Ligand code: SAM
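Take a look at this single chain in structure tokens; it is the form predicted alone.
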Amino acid sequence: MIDPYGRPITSLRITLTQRCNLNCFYCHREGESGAERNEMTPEELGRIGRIAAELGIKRIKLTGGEPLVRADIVDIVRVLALYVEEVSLTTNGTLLESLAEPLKETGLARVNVSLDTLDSGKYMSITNNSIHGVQNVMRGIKRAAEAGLNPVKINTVLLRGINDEELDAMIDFTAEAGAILQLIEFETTKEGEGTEEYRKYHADLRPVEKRLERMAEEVRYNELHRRKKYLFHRNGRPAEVEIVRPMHNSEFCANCKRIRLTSEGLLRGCLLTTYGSTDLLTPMRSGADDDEIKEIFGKVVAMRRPYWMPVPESKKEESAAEVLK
């Protein structure tokens, strides 16, 4: 599958549930809102995975909500791993310690763990949760690395005034755990840029990148979205930091090879817009055959367009002229 902008579609991101045992104040809920329990079964997900693989999908990423709250998560991973080259998962890590080995044994390749701070008080404030502590997540990360769910990536959203002073501590922990630190820009939709929350918490990652460039022994690029990866040593251990800057980043969109399936079975071409969303689950539950399901995939891919479009040179000149006035 190739969209109208020449981007081959090789990855499918599946939201397994909207349920979560945390309530992080900045959560975008994978662009979902509404009912929480119209969740797809392992059998339905297996069929979708098989059809997607026949269309050229090679990787599936499982997200939520919190995917590990599903009691059948091991069964889901097992059936999807039959059809694609890689099944990975994004989790808040609170339930990871006991599930890392079973997930690895049934076919999970790697894991991303959301962790924005190492401070217990800040963690409670960010997640609005007093049951699951940050130490529990840290143990889960180390357990995942030990189980071989590598690379283990720690997703840290940089939040101005909250965790922007913790970079060194996060690098130290990541190196100690044998993981990769993925620093993520606080993102929102185009409509959300004017909100008080965005203005308050959004932090520019460019000064962080300049510092990492000075520290780096080597700089590489992640194929996905052409993201920079900075490699160096920390306390005698290898350290790696990856920068994710989705806001106003046309290169980020130009290299996007992913489509998305919501927990309610809506197939989407993008996380940040509902444009082109098409119901996949209802036809499937109504008896649609494989060819009809493939047509839905094709329809969504055909409507795909970059969320952040390149700025024409004429517009750049107009912007520069405005600044000079």
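Residue numbers run from 1 along the displayed sequence. In this text, all values refer to a predicted model and were calculated from it rather than measured experimentally.
Omitted from view is the form predicted together with ligand SAM, to which the following refers.
Item to check | ligand SAM contact at Glu39 in the predicted complex, heavy atom, 4.5 Å | outcome: Residue-level check for Glu39: no, no contact with ligand SAM.
Item to check | Contact label in the predicted complex: Val157 to ligand SAM, heavy atom within 4.5 Å | outcome: Yes.
Next on the checklist: Taking ligand SAM as it sits in the predicted complex, is Ala53 near enough to touch it, meaning that at least one heavy atom pair lies within 4.5 angstroms?
Outcome noted: No.
Checklist entry - Closest heavy atom of Phe232 to ligand SAM in the predicted complex, within 4.5 Å or not? => result No - in the predicted complex, heavy atoms of Phe232 and ligand SAM never come within 4.5 Å of each other.
Checklist entry - Within 4.5 Å of ligand SAM in the predicted complex, heavy atoms considered, which of Glu187, Glu146, Glu166, Glu176? => result The residue in contact is Glu187.
Item to check | Which of 285 to 293, 23 to 31, 262 to 270, 41 to 49 sits within 4.5 Å of ligand SAM in the predicted complex, heavy atom basis | outcome: Among the listed stretches, the partner-contacting one is 23 to 31.
Item to check | Partner contacts in the predicted complex for 75 to 108 (non-hydrogen atom within 4.5 angstroms of ligand SAM) | outcome: Going through 75 to 108 in order - heavy atoms within 4.5 Å of ligand SAM in the predicted complex - the hits are Thr90, Thr91, Asn92.
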